[in-house]
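Coming up is one lone chain in structure tokens, specifically the form predicted on its own.
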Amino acid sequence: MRELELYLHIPFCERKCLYCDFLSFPADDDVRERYVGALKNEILSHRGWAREYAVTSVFIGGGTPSVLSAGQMGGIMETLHKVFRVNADAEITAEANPGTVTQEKLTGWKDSGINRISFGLQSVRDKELKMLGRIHTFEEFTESYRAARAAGFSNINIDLISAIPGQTVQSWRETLKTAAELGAEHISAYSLILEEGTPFYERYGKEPGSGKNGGIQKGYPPLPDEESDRRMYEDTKSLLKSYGYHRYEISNYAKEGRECRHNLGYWERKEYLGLGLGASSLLEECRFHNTEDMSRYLNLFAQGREPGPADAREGIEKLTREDQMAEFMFLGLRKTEGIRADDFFRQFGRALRDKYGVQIEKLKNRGLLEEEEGRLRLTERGTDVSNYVFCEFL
């Protein structure tokens, strides 16, 4: 059977973080309950074709999925299993914010089939967490982490952010070391990006000054300078490696065999279906996303209605063969193992060098790509300037 990944979006959070530009917002209990009902109805709207696929992974993201009750999450999972053919060994991840999970929730999640948790820790220093606008403390994270282990979760990811305002090289090392010593199976380590429309962009991204993207505005602490940012990047690789984590993608590190299968599917261009407000999909070489209008979404999938599965879709784009080949390159090269020429030929019936020989030689000559036994991958230097490399294939 054809393989399929599922993404379910839960757009709610207790409070928006200062750096976040995701589709998320606070909501009261009534809106959350109405949304859960609409999401289940959207899932049901796919029952006409869903069982043509074998679902290999499910990712429940947000927002903060852990703001839902155990019953709400259990109802979503029950509906999902009724409609889709979910493999017995499927990886099923739910994102959680520390302090928003309880033993009851975690036990309910485990009973519903969720087998992987992704905690948004970001930093082990409370001062830095407050700077980011996070609602939890490090102590609350450790309590949530222990509770997840007690509930039987043996596959946990921890998200971390470097180069945040006021952070030092030493405090970042402390965050990395503390997270690694907890023994989580997976660590995602991202560098802060100043996204337009966020409070952080207003503070740091608009005016000149010290720091890599802005400066000290209105008394706020500065962003780390370029040298410190670079040291943090290098320390991430070396320190996590010393704790047994291997880097398998630009920002992701895992213990052996614990790579995030869902994310690997994105980088390998597997088909995926997004369910929920604003969720994106790739089906039969067509990209689209659901409406981001909450009122429209709730009305489309209200109780008692029978909408078609495509009613909420917007931004529909049929990918050309050129689009598909370019995506194969810049998504596949995100993985440290890179891409295989045989896979390119198998998908497109064309030799890799016949299509991209000029670009490959140019990047190899600049020390950004390396080639061995039919596999092409980024060098260490190429990884550092990966966006430049990817643009060569667009």
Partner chain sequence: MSAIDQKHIRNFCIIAHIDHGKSTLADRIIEMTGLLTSREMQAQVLDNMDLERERGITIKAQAVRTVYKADDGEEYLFNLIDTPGHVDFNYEVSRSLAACDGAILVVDAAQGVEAQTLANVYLALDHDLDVMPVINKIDLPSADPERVKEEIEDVIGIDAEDAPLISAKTGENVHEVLEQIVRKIPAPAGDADAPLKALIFDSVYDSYKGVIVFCRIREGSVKKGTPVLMMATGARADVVEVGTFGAGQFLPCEELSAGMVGYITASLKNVKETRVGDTITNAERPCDEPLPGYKKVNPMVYCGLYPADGAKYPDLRDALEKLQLNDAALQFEAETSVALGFGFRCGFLGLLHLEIIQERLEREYNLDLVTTAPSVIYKVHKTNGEVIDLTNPTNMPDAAEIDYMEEPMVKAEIMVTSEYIGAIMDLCQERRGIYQSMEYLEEKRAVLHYHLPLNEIIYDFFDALKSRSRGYASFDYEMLGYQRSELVKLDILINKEEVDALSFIVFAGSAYERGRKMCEKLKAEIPRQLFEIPIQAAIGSKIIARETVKAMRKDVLAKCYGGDISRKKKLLEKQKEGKKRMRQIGNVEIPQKAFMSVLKLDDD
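Numbering follows the first chain given and starts at 1. A quick note: this is a predicted structure, and the numbers were derived from the prediction, not measured.
The same protein has a further form, the form predicted in complex with its partner chain, not shown here; the description that follows concerns it.
Self-check item: Contact label in the predicted complex: W267 to its partner chain, heavy atom within 4.5 Å
Solution: So W267 counts as contacting its partner chain.
Quiz item: Is there a non-hydrogen atom of S280 within 4.5 angstroms of a non-hydrogen atom of its partner chain in the predicted complex?
Solution: It does: once its partner chain is placed as it appears in the predicted complex, S280 has a heavy atom within 4.5 Å of it.
Exercise. Indicate whether its partner chain has at least one heavy atom within 4.5 Å of a heavy atom of L368 in the predicted complex.
Key: Yes, contact at 4.5 Å.
Exercise. Determine whether any heavy atom of S386 comes within 4.5 Å of a heavy atom of its partner chain in the predicted complex, and answer yes or no.
Key: S386: contacts its partner chain in the predicted complex.
Quiz item: its partner chain isn't shown here, but in the predicted complex, which of 223-231, 142-150, 236-244, 174-182 has heavy atoms within 4.5 Å of it?
Solution: Within 4.5 Å of the partner lies stretch 223-231.
Quiz prompt | Contact at E78, N299 and D311 by its partner chain in the predicted complex, all three, heavy atom at most 4.5 Å | solution = Negative, none of the three is within 4.5 Å.
Quiz prompt | S191, T137, T107, T291 - the one with a heavy atom within 4.5 Å of its partner chain in the predicted complex | solution = Only one listed residue qualifies here, and that residue is S191.
Quiz item: Of 315-346, which residues get within 4.5 Å of its partner chain in the predicted complex if you count heavy atoms?
Solution: Residues within 4.5 Å: E317, L319, D323, E327, F330, L331, R334.
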